[in-house]
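Quick heads-up: it's one chain on its own, the form predicted on its own, in structure tokens.
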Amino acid sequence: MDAYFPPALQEHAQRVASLSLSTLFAQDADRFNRFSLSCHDLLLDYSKNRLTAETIPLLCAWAQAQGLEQARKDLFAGKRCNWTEQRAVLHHALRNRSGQPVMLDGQDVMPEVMQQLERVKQFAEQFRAGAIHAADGRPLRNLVNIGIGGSHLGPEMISQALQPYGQSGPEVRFVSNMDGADFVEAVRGLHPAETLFVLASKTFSTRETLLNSDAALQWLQRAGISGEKLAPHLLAVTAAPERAVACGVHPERILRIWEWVGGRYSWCSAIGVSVAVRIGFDHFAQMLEGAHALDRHFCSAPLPLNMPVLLALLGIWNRWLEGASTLAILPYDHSLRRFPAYLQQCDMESNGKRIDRDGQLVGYPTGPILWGEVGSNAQHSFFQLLHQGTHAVAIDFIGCANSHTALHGHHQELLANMLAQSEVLLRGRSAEEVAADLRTEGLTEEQIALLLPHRLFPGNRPSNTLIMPSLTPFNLGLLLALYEMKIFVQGVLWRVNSFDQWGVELGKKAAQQLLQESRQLQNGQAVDLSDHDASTQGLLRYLVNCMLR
């Protein structure tokens, strides 16, 4: 990866590589203030990274040379940043609260955006008021969102995260997996006559969503809801309205999204209708305000003071300097328990690429493997590896100073654990400290010598910490847009297209062929499986034999 960076940055990295984080803090009492930044209520502390006063200016100069500022202008100007599909990328228009136009091919997209947003508002308010009725006149009280990927992970995560704002709202559930158990669990305890299904699919051709939509229709029909009675129980969100109509959705029950909205960036479109029903449209609008505020910060702040730019550069820096090929997202707030899964898709589907904008193989690592768990559960799961393992892992801690629960003592202890973990990762525990502890426990020198290596903590392991006063809709909007724009910046600097996902498609096609062959084998037909490798042939035959027992 060295050839990817200019000589000045390479030389600086060689000097920094031998530095200790503890020493850097000892030498600079003002390090936290020097290496932290706020955007509205969101604080980023990046002082626990191996960097000096020279690092950020050098990284920003490199980013400028890579064309980041022009790429940022192109994104917000409606240029076709998704070059493999010749599409603009305008999810920022969905939360544009400025009143200013957003242009695409000479046309302002904002009138259509605002029209659909108004439809989301009307539907959400009417549903929450009990004014959306089934064919028999009773109000619909339950909503089940059927989608997958961005049509599922974003709305589900947000609905969980902001649950305190929707305590008086309708029952909202989510189903995505083509495993039938997911659908069965999602509708358990619901009355069909009081249930609405939101069919969320940009293309309305995604197999998982169609399969679960068919299950929903059958579930309603078994309850005697069929024919014209079905339409009141269906709402579609799609860029392919004609396909939704073919599936039985009434044209007036179709909310619009556009080709320039990537699925993993679509929570702020009509895909968020389930969220608006759950927490109320006013709270959904506050999320849009928060995301728009971050977008404005991203557009206007100088690179060294730009939060998504800094997060992106630090991610690349740790990938290079520390060898951190994975990023752990660790929210110390139970409401954000699905945030790692949401961000996993957003990041890995965006920048898990190996071909650059010139159609050439990249010669450097791109998007990291992203994973995580909510604290403090994570501490009793994989923190052993973080502290004493052989893998380098980049870490983002995320915390809220105040909790929505009444158990404030719990929350204080949770936050103390978050701070302690980031500090111990930084400082570690030396041989002298371990030996002193063991002596106080009354161990002999022989016992100490035996145990000491196992109780050493190397430390010097970098992390970022993001803190907000509380998890409000506005602050959640800030957080989501922060990571979205970070991903965009890294895609620009890695020279990959962050907005296509061809890697998702090939497996889907192969699955359809295997499905057909599986059914043929079950029916006793002769099937030529020579196109498949021996492992796939053997596994397919074994599975079919098990099904026939």
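Predicted, not measured: the structure shown is a model, and the values here were computed from it. Position 1 is the first residue in the sequence shown; the rest follow in order.
We do not show the form predicted in complex with a small molecule, though everything after this point is about it.
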Report summary line: Heavy atom within 4.5 Å of the small molecule in the predicted complex, from candidates 403, 421, 116, 345, belongs to 345
**Report entry** in the predicted complex, the one of 203, 218, 107, 447 near the small molecule [non-hydrogen atom within 4.5 angstroms]
**Finding:** 203
**Report entry** Contact segment among 436-444, 345-353, 122-130, 158-166, judged by heavy atoms lying within 4.5 Å of the small molecule in the predicted complex
**Finding:** 345-353
Requested in this report: Report whether the minimum heavy atom distance between residue 501 and the small molecule in the predicted complex is within 4.5 Å.
Outcome: yes
**Report entry** in the predicted complex, residue 151 touching the small molecule (heavy atom, 4.5 Å)
**Finding:** yes
Report task. Could you confirm whether residue 519 comes within 4.5 Å of the small molecule in the predicted complex, counting heavy atoms only? Result -> no
Requested in this report: Indicate whether residue 278 is a 4.5 Å heavy atom neighbour of the small molecule in the predicted complex.
Outcome: no
